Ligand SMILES: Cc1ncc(COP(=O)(O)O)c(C=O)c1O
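Take a look at this single chain in structure tokens; it is the form predicted on its own.
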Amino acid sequence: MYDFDTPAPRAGSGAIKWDLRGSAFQNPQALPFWIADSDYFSPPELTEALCDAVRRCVFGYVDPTPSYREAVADWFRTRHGWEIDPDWIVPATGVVSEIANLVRAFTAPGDKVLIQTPVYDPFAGVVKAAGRSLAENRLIRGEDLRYTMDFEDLERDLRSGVKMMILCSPHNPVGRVWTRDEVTRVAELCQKYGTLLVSDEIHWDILMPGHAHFTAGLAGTPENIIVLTAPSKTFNVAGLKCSNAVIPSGALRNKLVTWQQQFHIETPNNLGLVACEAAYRLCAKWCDEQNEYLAKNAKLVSDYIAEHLPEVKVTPLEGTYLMWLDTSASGVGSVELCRAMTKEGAILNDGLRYGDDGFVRLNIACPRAQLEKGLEAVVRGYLAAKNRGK
């Protein structure tokens, strides 16, 4: 059994999540539940592999080894049922930075790039920064609080000439794990209208009981699909800057590699490659136990909110460790609400940044005692903001 109850000592280490509490949020004592990394220790097997690499005392430029590529391919096959050729892998420094690269490499200024809102805010940021036109396909929230895709609107958008679609799967922040039918339909529509489908699957290993991830790599045809994954969220190694673009099409793969070489950004992080290979070879059991722990944290949030703030609606969590809470009954905007929660001792993300005011996002990847204390602050902040708004 692995230990997820012992908090990692992150304050004062330069951790953005913890050390920006004073400068960015004006409360250096507040518990952070915002940025998407975790507050318990990474797998010991991964840590030992990094220590071994450091003891070798060589930190020069590296290319992915055949062993690295085989480890990634093995993980894809055993965890997600996708048999890939190791040569399809194009290592990168991060999923968001690689999305930015793909937008610039495969579209032209003014081209339409589509995202499904509410969604992780850097998607819109990299599209706009590249001078592309942002198209939005709004997700539909049902009476069961679960989100689905508006396929009629999606097809209308794609028909209008969208050059690239960025799929978030599993979805951040609404916590959906898209079904085989949903992903297949997206891929088929993209193929029909000549749209390049870029699927961000960074959270694909973090699944709640009863849910299975279906990768876009198994949908449609390989000529218009690029899948992005990373060990960063699963194993809490985002700072090591390692991700993988999996591109079955040789033409697309060569175009991306050539584009990256122009800007000298093709060399991955030395220790990031070590961490990724170790995670995929040695840490499957840790991943399973983490999912079990997160499922209990998610139930704690749902039960606690139902008891103490019954008017707040908790979106069912299917995947990721990010929970999406409907706080619209407060009558207070999400920015103001998060400010009140921070003052009471819990830092959350406001929903406005993702495209939906009236919601907040809560990161539950932390020891349970920390989550319990944070929920108390969430309730205090919510009630304080609501009462001030009356």
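Bear in mind that the values here come from a model prediction, so they are computed numbers and not experimental data. The numbering used is simple: start at 1 and walk along the sequence shown.
Keep in mind that the form predicted together with the ligand is missing from the display, and what follows is about it.
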property	result
Contact residue in the predicted complex, from Thr215, Asn172, Asn101, Thr315 (heavy atom within 4.5 Å of the ligand)	Asn172
The single option of Cys168, Leu256, Leu240, Ala278 touching the ligand in the predicted complex, heavy atom within 4.5 Å	Cys168
Stretch in contact, per heavy atom within 4.5 angstroms of the ligand in the predicted complex, of 152-160, 183-191, 258-266, 199-207	199-207
Ala36 within 4.5 Å of the ligand in the predicted complex, heavy atoms	yes
Contact of Lys233 with the ligand in the predicted complex (heavy atom, 4.5 Å)	yes
Contact test in the predicted complex: Tyr120 vs the ligand, heavy atoms, 4.5 Å	yes
4.5 Å heavy atom contact, Val177 and the ligand in the predicted complex	no
Any residue of 74-96 that, in the predicted complex, places a heavy atom within 4.5 Å of the ligand	Gly94, Val95, Val96
